[in-house]
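The chain below stands alone, shown as structure tokens; this is the form predicted on its own.
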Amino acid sequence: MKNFIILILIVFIHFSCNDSFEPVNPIPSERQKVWQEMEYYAFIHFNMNTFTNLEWGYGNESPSTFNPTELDTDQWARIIKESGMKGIVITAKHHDGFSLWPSNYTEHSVKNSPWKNGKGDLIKELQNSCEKFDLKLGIYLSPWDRNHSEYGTENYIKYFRNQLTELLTNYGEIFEVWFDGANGGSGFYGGADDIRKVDKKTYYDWPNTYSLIRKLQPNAVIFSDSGPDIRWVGNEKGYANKTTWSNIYRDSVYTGMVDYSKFSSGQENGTHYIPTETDVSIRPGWYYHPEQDDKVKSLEKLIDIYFNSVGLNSSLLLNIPVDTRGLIHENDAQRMIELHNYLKSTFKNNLITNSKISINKRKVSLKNVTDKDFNTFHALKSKEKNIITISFNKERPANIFEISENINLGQRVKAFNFEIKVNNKWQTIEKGTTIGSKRLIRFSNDNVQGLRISILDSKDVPLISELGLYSSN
């Protein structure tokens, strides 16, 4: 009997140790792992467009137009921190070319604005606020510049990289560098007032720009439609695909491609690990427009977005349009806090704790799948037909199920079936495909007697890192 117990312990340790399993490539880099655990962070659209009431500026705006009266980045950071977000990505330069820092390479910046008599540096102020409130700082730098006279030429690429260098060397640790896919078209271009189109595949010489970022900010993830670290979810509505592979053939997509959406769900056998980021604004517009003060998304809508982004193997980048005062508007702040309160109360107590779990009718420990540590996991038996059964000693009111894979060793699950037991009968809630970093499944509130998760198909032995059952009531 003693030898049998020792054998069981050895088997359990073997099935719970990362070193015991070969990775299913591609796998995430260290910077991607850190980013993926953030899950939820803020986009701030605040720039020249805030004061012209536009979404895209033409590039001919006067720097004197930029003049926030009560700008307070501490207010931004405090509200974002209280909302449960982990970082801020700021539009340092949008398509109109106006720079929120006193760039040495252009006159079209805050240094020629009335704000702080031209002595201000918004990126520096935001850096200080992020450090004060323990938030990470990210940078959005538009590759397109409708103000710059040399856009479309090789000289502009030098200018673009010079500005990128300023942002990545003067403002501390940067967690994400964000590149928009909108490139080329009509613009002011130093007074030329013409249309300039570029070859989006070759003009920017992205490999050398990425190398520059790796040199200056080795821990930063790089976002664009095609990565190389994070890719676009394919829409601005806040919804990832039900099937979302983090894998993709990198050469199959490029920044700004017209038919990108057909690749947004990823590719099961993709060669590179490039997970999605879901970007959506809390209002209809990305920039502040006073006529949208009463159009902030409802709490119910934001909850739905959360479940369809973070809950579908993606991250959520929620945009907050700072107003002309330079403050997060009261309506936006209220909704952000409401969402946080909902998430905090809903996911506070895991109802699976203290239940009984078996895999293929063999009892196992819940420890590694309820410890909120994504580095621990429990391995299933084979690639197909694994049945995880969780039973309770009494009914538990619940309406949310959570399951996560250990993505450190690659995304594996291809098909699963989730059931709940109510009134001594099993009900199929969802027949799903991918799981990835997190899958959240909602169902009608029921007094649940048990759960059953059948992993029907997988690329290799499934490695389950987290299981959860929650009630939103």
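None of the values given here were measured: they were computed from a predicted structure. The numbering used is simple: start at 1 and walk along the sequence shown.
What follows is about the form predicted in complex with beta-L-fucopyranose, which we do not show.
Residue contact with beta-L-fucopyranose in the predicted complex: residue 131 places no heavy atom within 4.5 Å of it.
Using a 4.5 angstroms limit between non-hydrogen atoms, residue 182 touches beta-L-fucopyranose in the predicted complex. Among heavy atoms of residue 43, some come within 4.5 Å of beta-L-fucopyranose in the predicted complex.
In the predicted complex, beta-L-fucopyranose sits beyond 4.5 Å of every heavy atom of residue 443. Across the options 341-349, 71-79, 174-182, 160-168, residues that bring heavy atoms within 4.5 Å of beta-L-fucopyranose in the predicted complex belong to 174-182.
Contact with beta-L-fucopyranose in the predicted complex holds for all three of 56, 95 and 286, each having a heavy atom within 4.5 Å. Here is the short version: of 236, 330, 205, 107, the single residue with a heavy atom within 4.5 Å of beta-L-fucopyranose in the predicted complex is 236. Proximity to beta-L-fucopyranose in the predicted complex, defined as a heavy atom within 4.5 Å, holds among 140, 115, 392, 260 only for 140.
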